[in-house]
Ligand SMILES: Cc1cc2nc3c(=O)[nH]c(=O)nc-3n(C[C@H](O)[C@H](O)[C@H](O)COP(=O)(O)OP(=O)(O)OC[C@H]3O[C@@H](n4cnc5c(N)ncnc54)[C@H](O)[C@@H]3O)c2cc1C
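One chain comes next, on its own, written as structure tokens: the form predicted alone.
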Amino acid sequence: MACATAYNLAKRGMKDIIVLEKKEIGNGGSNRNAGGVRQSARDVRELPLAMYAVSRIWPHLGEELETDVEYVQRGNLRLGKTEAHKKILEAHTAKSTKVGLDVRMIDGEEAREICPYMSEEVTSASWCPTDGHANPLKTTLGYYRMALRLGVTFITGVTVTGIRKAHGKARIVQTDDGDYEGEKILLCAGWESRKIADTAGIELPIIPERNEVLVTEMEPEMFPVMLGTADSDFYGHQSKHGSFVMGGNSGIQQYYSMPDGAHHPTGPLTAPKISRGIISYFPVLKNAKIVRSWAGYYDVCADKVPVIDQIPEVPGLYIAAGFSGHGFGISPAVALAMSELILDGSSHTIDISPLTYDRFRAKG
């Protein structure tokens, strides 16, 4: 979010942009997700971002960033085995089609025509032909390099500890390496955004949730589609070079130890659960060898969609956080919307009004 927004701001001529990063560029969620670029099975409040990104940005993003972002647009199958699964998929599909998304329900036989390697147990699926996947790390680094070229300053290895106001406005970013001052401050630090926002008197309803990703050895080309399930057993795809990149969680991640900010440990329960889910849908992969795995943290918002807003109570403070595991695919559109919000006072290209901070206010 930071690299992409900085690039969009610089592209429009904004000067003196500084990006502060706790570790190195791309260390957090930017390189810990499975690379889904999907519109299907999203909350309708964030669908405008997803649909705009897929139709207007992703198809030419690699060319714009002069980087092979490994974007593949070959569709998304979300799979089900039971009547309960089918009802979940039908509900998602009905909501999405109402706002114009090209997604439909198909039966197991049609799903196997699209992807012949799946189990006969699959009886239903939702199919969105315009969904796809890309390489998160390459995309992040592409935005980073282009932002650098346009004059953006990146400072890594500094930990933001707070935001201080001056004359009623957010003005100073405090770090363990000194203070940085600016007229406008964008906070997009994943789940750590909550404690930073708190220093400015803003309560973000965000919690961390650990997920893990497995990578297999290179396999023969089997299917290019993005995959998910109604039951969230796993999600992922086959990469450009043949490895399968599949993610998920244990279902009991809320009981894991809280992260200390320095380590992202994998757990003993998650990889076996993801593997069992994969094998139950794709028995052909039962002998695939896992070569590595990693963990990362979703910044889960209370209602599972992000806060993308200028905070009225703190002029000068902008927030893009709480993406709840859905952030990578919409990040190019979020960056566009955020750049317009910062420079023009509103996002006039994409409607982000349902994602404002004040949706959490008590109504009365």
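It should be emphasised that the depicted structure is a prediction, and the values quoted were computed from it without experimental measurement. Numbers follow the displayed sequence, beginning with 1.
Here the subject shifts to the form predicted together with the ligand, a form of this protein not shown in this document.
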Legend entry - Proximity of residue 190 to the ligand in the model of the complex, heavy atoms at 4.5 Å: yes
Inset, instruction - Considering only heavy atoms, tell me if residue 332 and the ligand come within 4.5 Å of each other in the model of the complex. - result: no
Inset, instruction - Give a yes or no for residue 338: in the model of the complex, does one of its heavy atoms lie within 4.5 Å of a heavy atom belonging to the ligand? - result: no
Legend entry - residue 226 within 4.5 Å of the ligand in the model of the complex, heavy atoms: yes
Inset, instruction - Kindly indicate whether 119, 277 and 282 are, all three, within 4.5 angstroms of the ligand in the model of the complex, using heavy atoms. - result: no
Inset, instruction - Scan 130, 232, 293, 159 and let me know which has any heavy atom within 4.5 Å of the ligand in the model of the complex. - result: 159
Inset, instruction - Tell me the stretch among 101 to 109, 209 to 217, 143 to 151, 122 to 130 that has any heavy atom within 4.5 angstroms of the ligand in the model of the complex. - result: 209 to 217
Inset, instruction - Check each residue of 270 to 300 against the ligand in the model of the complex and list those with a heavy atom within 4.5 Å, in sequence order. - result: 296, 297, 298, 299
